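Next up is one chain by itself, shown in structure tokens, the form predicted on its own.
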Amino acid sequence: MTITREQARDVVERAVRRIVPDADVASVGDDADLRAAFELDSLDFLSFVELLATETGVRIDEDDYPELTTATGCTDLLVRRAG
């Protein structure tokens, strides 16, 4: 299954909102640190990663975590792995 950049970005936004329901994802830049912007602790981040993987079917390993720092990084990884 392939995912467009727009679809991947939507998945990232939905996942953030599942963890932080009142998050204004649109106000945070694509290259902002998601953990800092939304005050995600370690468990929140793991839940976020699990949501990304579940929604897309993309396998995300611990080695991938550094790439998941920003919305752009998340989007790039999802598009690359799904394609």
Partner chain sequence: MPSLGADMDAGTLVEWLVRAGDTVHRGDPMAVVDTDKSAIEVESFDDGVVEALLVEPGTRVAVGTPLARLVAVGMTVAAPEQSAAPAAASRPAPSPGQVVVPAPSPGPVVVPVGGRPGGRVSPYARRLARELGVDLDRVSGSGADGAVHAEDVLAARATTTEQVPDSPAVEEPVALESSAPPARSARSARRETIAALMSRAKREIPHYYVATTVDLHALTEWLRRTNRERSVAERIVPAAAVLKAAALAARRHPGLNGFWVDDAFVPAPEVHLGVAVHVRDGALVAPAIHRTADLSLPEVMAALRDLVSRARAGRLRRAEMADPTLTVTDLGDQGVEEVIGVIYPPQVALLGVGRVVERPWAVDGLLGVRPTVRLTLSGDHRATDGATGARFLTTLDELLQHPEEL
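Computed from a predicted model, the values in this text were never measured in an experiment. Numbering follows the first chain given and starts at 1.
Just so it is clear, the following notes concern the form predicted in complex with the partner chain, a form of the same protein that is not shown.
For the candidate spot formed by 41, 47 and 59, every residue has a non-hydrogen atom within 4.5 angstroms of the partner chain in the predicted bound form. In the predicted bound form, no heavy atom of residue 25 sits within 4.5 Å of the partner chain. In the predicted bound form, no heavy atom of residue 32 sits within 4.5 Å of the partner chain. Although the partner chain is not shown here, in the predicted bound form the stretch 6-26 places heavy atoms of 19, 20 within 4.5 Å of it, in sequence order.
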